[in-house]
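One chain comes next, on its own, written as structure tokens: the form predicted on its own.
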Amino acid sequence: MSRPPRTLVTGGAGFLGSHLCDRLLREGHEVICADNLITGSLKNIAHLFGQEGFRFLKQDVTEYLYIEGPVEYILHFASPASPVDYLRLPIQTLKVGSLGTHKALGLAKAKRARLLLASTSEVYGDPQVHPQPESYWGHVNPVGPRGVYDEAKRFAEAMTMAYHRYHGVETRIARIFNTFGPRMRPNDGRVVSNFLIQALEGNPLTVYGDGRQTRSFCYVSDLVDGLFRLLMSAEGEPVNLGNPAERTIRDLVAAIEKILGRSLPVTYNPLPQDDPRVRQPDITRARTLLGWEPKVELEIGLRETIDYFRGQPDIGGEGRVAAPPA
């Protein structure tokens, strides 16, 4: 190809989408970032405006999706992705997982483009198999409050495979586990951002349940590397991308205390309905097929994320850690 590959990123102004735009531009792609900004932010991509090869398109992908000219790759990341967002926006979450995925796949078919779907570990629900391999079909409550996100992504995977099998569209499916890093929204409801903001502002950390439930925490640069490798691979079946190091929520509290050099007060709230008790990816396929595994240690990633939040003018003061309440 004599020209750079042309790539569309839906949800490109979000946390993960914006980091993907950065990576694709570094790889020499021309990038079209589409986002309706209901959870994304122009702040995440402000540094890209005016950069050669980058274009922003304010677009709701559930309503209409047309891109003039050729498109080689589509990365479909448009969706509310945290519990705060999809519980606040349940209909929009279901629509972007169904109608939005349909529109993105239709464009891929028309342009003969390769599409990578951002799926999620939530397709496994509250798992009865641990750790979770891609062959596990999941344990999901379709009518529970979290079902709007879980089932939207499960439907999106089914639609993606249908377009692959029936229309011959080149597709890739990434099942993304907990990811953190700079550009997370302070109020997104994810446990890492919740804890860091609470710690920086001198408030008690809110732990749901007894804190013994587990998660896997992958730093954003590792996750984006896995996504790019998957996009460029020949693998059409779902691939788990996440950190296989399983940690309890209490472990996360201890890691933050170590970095900040002080103990942190904790308050305990009831565990939300259908909240997963365990979450740990089996990344054998990613290691074997992509040569990928996470490299950034949790403490290093947390330090980078703390530095990012400290730099935000409305969080804890510039370069200041608020003292814990007496």
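This one's a predicted model, so the numbers in the text were calculated from it and none came from an experiment. Counting begins at 1, following the sequence as shown.
Not on display, but discussed next: the form predicted in complex with a small molecule.
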query: Heavy atom contact within 4.5 Å of the small molecule in the predicted complex, the stretch among 287-295, 267-275, 65-73, 35-43; finding: 267-275
query: Touches the small molecule in the predicted complex: Phe195 (any heavy atom, 4.5 Å); finding: yes
query: Proximity of Arg279 to the small molecule in the predicted complex, heavy atoms at 4.5 Å; finding: yes
query: Proximity of Gln213 to the small molecule in the predicted complex, heavy atoms at 4.5 Å; finding: yes
query: Distance check, Gly236 to the small molecule in the predicted complex, heavy atom within 4.5 Å; finding: no
query: Contact residue in the predicted complex, from Asn178, Asn141, Ser221, Ser98 (heavy atom within 4.5 Å of the small molecule); finding: Asn178
query: Proximity to the small molecule in the predicted complex, single hit among Ser135, Thr206, Gln128, Asn187 (heavy atom within 4.5 Å); finding: Thr206
